[in-house]
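So this one's two forms of a single chain, laid out as structure tokens and tagged structure 1 and structure 2.
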Structure 1
């Protein structure tokens, strides 16, 4: 059973940049032993929301409440390293290692303990993401915040990485907050999906359609238990500033499931 005690709460978060609405009345919670995934298109405000939740940016309105002494492990979206700088995986992790978990243990938890002496510049996309996840684990966090954790990873690797994240949640009993730009592919182990487009368009459990012919054609049986299609019924439009314009009855396309939009206007 999932814990109902929230690790992180966002209450009526709004953000405006000059005349543009970046976020509007966002409410969300993440509890221990829970996986929450925020999805949405580019420009939906995901990065802005994440920065606010991490305390890196102040909202125009609203507040973020964190449990006392909350420990967060953060996995960034991108890693930029000087290609001229020789840097092994072990050295890379030691640069930011201020936690209680040994580097070897963190690498073992993500299945890349054999890469400790490997150059960071020689890692594949999937290996890089696992090393970044290892770094997030070093402080033995109560909350893992993962920004596009499957970026640069092929479909098979995504399935394995999502499965690993679910395993870590179960093992560490931590909360997990993930962010993705993909409106369709999310992990089936996610407890809640939040669709963001400046405001929360809809939220709920990901659809389990692993037996759908179109799904099997795209992903095959191997990923069927780890990745699911999440779609939503979006019944309104936005202007260039992100504000809601009108209400229309729009179908979600070939693979869709109707969800009641929930607004906090």
Structure 2
């Protein structure tokens, strides 16, 4: 079932803009059924990297290899819709280029089926993100690319959203590549973390990363007030049903995955 061929592969990506190095020698792969999260501080080049991987921007050096006929479902960071443009959720979703899934189904998958006739301008932050996610699903993607999916969503909503993403991954067996600034909340739903600050500082399983000196140097001091919450998250994490999962185990992420698979069988 799992293909070993990566869906997306970046080789030695570098980006320079007016004598300034924005990205340096980035190597990265995303395979099917895998969630890869890029984290990093503001100005680390997360969005530039995502744009290069999506083909929206050309790197100065290096190349991006996509598996042939790769379908990408993309969820932009913000929609920035002009209020002068009347647009319902349904009309917005009908703008897809190769829609194969029905709009109702897509909205149901993200739990916002009641919003079909609502104006896009009247959605809350969480609803907007779910509608954007529905839109990405309409293309039945092999790879979901999510730019700060939890932007403008409150803390409870955030973990629900990441749970939903993890659930969609196991349902659709697609690869997921996302950008986030907050490791604590994404942790349970991520297989691999890439810590970016112009170059890749460290990468690997979220448990390893959260103890990595490079990560602590980047986020440890800045999030000093969150240390208590941080430790808590490190001790254990909750699955979708609120059961405590042991993530101190090195196979913690795997355990989580196995649990979900059992549930869906």
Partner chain sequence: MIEFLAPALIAGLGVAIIAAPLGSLIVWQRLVYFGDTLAHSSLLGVAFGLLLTINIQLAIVLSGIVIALLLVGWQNQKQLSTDTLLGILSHSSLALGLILVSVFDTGRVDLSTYLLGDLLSTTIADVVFIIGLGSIIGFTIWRYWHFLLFITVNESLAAVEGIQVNKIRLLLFLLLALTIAISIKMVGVLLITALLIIPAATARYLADSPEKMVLWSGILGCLSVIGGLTTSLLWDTPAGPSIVVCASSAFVCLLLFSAKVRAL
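If you superpose the two forms and keep the largest set of C-alpha atoms that fall within 1.5 Å, you have the rigid core. It should be emphasised that the depicted structure is a prediction, and the values quoted were computed from it without experimental measurement. Residue numbers count along the first chain shown, from 1.
As for origin, structure 2 is the form predicted in complex with its partner chain and structure 1 is not. After superposition on the rigid core, the Cα atom of residue 114 is displaced by less than 2 Å between structure 1 and structure 2. The Cα shift for residue 125 between structure 1 and structure 2, taken after rigid core superposition, is smaller than 2 angstroms.
Superposed on the core, the two forms differ at residue 85, whose C-alpha moves 2.7 Å between structure 1 and structure 2.
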